Each structure stands twice: as structure tokens, then as C-alpha cells.
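Okay, so here's just one chain, in C-alpha cells, the form predicted on its own.
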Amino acid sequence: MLAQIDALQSEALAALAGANDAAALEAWRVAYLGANGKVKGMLGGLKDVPKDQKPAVGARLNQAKAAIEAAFEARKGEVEAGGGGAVTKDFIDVTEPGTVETRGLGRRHVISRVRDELCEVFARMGFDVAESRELEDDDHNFIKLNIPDGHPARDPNDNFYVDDARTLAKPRMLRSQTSTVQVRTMEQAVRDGGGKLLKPIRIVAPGRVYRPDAVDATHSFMFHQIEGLYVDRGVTMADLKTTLLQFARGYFGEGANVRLRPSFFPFTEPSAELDMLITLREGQPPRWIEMGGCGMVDPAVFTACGIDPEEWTGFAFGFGIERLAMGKYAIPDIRLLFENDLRFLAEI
């Protein structure tokens, strides 16, 4: 058995010396070191060796196996380095430039980017970001915003009610406006003050809202709003217009302007529609674009939230984030923002 081991080692090393490329190396490996190779077969014969000779034979087998494996690794290195004649590399050089076209890196959706941009502009003006639930109750979505029973805005056909609005006193619904965040923020501030407001409130509230509108180029049943609320002593419409003007110029550039047109909303008095004069495309004249509503917080809303309207005043405003994105990036159709067309998203 010891003589057979010596002969196998000599045979293997001699055959290995003639392996000059990757294919020959692989064939040699299968023949000698593979699962059915000669070294494996020799190890299997150890069971037939007399018991008193097994230690010596086993040690010699292990020595031969180690020598053959070491010789294979050394020869493989020589061949791959070009020292063994004609060489065919069987490995991938990961440092070489790729030959397959790869997709570009992804980035945040334009709505998410615009939302963060808006919050960043208002943060520089001292506004904190507030968020709350999207599944709201009738009390916060309507009642405390001075929208009473029987108001057309509460029609079940114009809202996504989760509960039966005809039988429950306070049915739940998908919020139709982010003004609900303003209500909850004021309520929490009063609770924190032990039943009264102790310090000013200055927040913006971005988020999704839901209305069963027919989908077209400017409408969707789900869209995004950002609303602002500032409550302090002595707040006036002049503060509101100044804030909106500074926002417009901070977001759209120094050439932007704002104008307020008288309007009506149940939760603000007086109320106004907000237009912004902005340039949609470079080289084109600026245009007036309707952005949303604003006004002074109605005293009835303060009272519903536990705030004394004789001591505190404030303003509120609300924009559609999609409308701002469409204005800034000259997007002609709101549906492009939700279709996930990579060609469109790569341009914005």
C-alpha cells in the first residue's frame, strides 16, 4: 500500500506538470482530486489495510494528499500568471470596466422632493413640521373647522367615509384636508398648557388628502397638501401676506410675487385665494398661478380648540403640493406624477 501511494504521488505530479491551460488543469483536478478521483479512491482502500499498519499508511496517505493539493494550487497560479504556456483565464477580473449597460441610480420621487423643499423653506422662517393621522373623524375634519351639519362639503358623495355618515354622529373618514393637523396641534398645545394656550404656534403640515374627484389633467382622488398655521398675539393679514411673499421668493426666486383675492372659507375670516406670479419656463414671461387658500383663523375655530380668541389671533394657509411641483417644474398633467413612467421621472 505504501508503494502504491508513492506511485500515485509521482504519477499525479508528472501529469500536473503537463497541464498548461485552464481546461487541462480542470481535467487533472477531476482525475486526481475530484469526488471520484484517484486520491479519493486510494483513501477508500485504507479500510483493507491490516490494523497494525493503518497508522503508518494513513499518515502517508494524508502526506501524499497534501503534497498533491499544494502542487495543484502552485501550478494553477503559474498558469493564471501566464507562466505555463497558452493560457485561458477561467476567472473574472472585477477591476476591468463592465461590458453590460447598467441602469442609473434611483432617486426620490418629485413629490417627496418638493415636499421636503417646501418644509425646508418654511423651516428657515421658523415653522416646525407637524403630522397626524390620515384616517380622521368627522369632528376634526369638519365640526371643529366650523363646517356644521348640513354643509355641502360634508356630503357623503364628496368624501371617503369609512363609517356610515348617515347613521353615526362622528363617522370616520379619510381626511379631505390637512387642516385637521392644525386642529389637533392646537388641541395638544392647550392640553400641554393645562387647559389654555401658553405660547405661540407656528407649524406647517404636509400630507396626503383624499377626495372622490374625477381624475383629469389637474385633479386626482388622492393628492398632497401643505398647510401652515401661525398663532400669536396681534397677528394680522399683513403678517400673512409677508409670510407668503417670503415663501414665494424663497422657493421660486426673487422675481416671484403674490396677490390675495377675497374669498370665503368656513375656518378663516377674512379669507382669500392666493395667486403667485412665477416663471414656469426659462425665457417665458411670469404668470399668475392659483396656489390655494388662506386667511385669518376664525374665532369659532379657536373656541372649538380651547383657545381664547380675545387673547390670540392667527392665520392659516394651504397649498396643493402637486400644483406647486407642476408650477416649478412645468409639468402639464398631474397624472404624470402617479404613473411611474421612468422616462418622465428621469427628467424631473
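Each residue number is its position in the shown sequence, starting from 1. Here the structure is a predicted model, which means the values were calculated and not measured.
The same protein also exists as the form predicted in complex with ligand DAH; that form is not shown, yet it is the one meant from here on.
*Asks:* Note which of F72, F127, F267, Y210 lies within 4.5 Å of ligand DAH in the predicted bound form, where distance is taken over heavy atoms; exactly one does.
*Replies:* Result of the distance check: F267.
*Asks:* Consider Q225 of the chain shown here, and say whether it contacts ligand DAH in the predicted bound form, taking contact as heavy atoms within 4.5 Å.
*Replies:* Q225 belongs to the contact set for ligand DAH.
*Asks:* Considering non-hydrogen atoms and a 4.5 Å limit, does ligand DAH approach C294 in the predicted bound form?
*Replies:* Yes.
*Asks:* Does at least one non-hydrogen atom of S220 fall within 4.5 angstroms of ligand DAH in the predicted bound form?
*Replies:* Close contact is absent here: in the predicted bound form, S220 is far from ligand DAH, nothing within 4.5 Å, heavy atoms only.
*Asks:* Are any of the heavy atoms in F317 no more than 4.5 Å from a heavy atom of ligand DAH in the predicted bound form?
*Replies:* Judged by the heavy-atom cut-off of 4.5 Å, F317 is in contact with ligand DAH in the predicted bound form.
*Asks:* Among 179-187, 129-137, 111-119, 231-239, mark the stretch whose residues have heavy atoms within 4.5 Å of ligand DAH in the predicted bound form.
*Replies:* Stretch with heavy atoms near the partner: 179-187.
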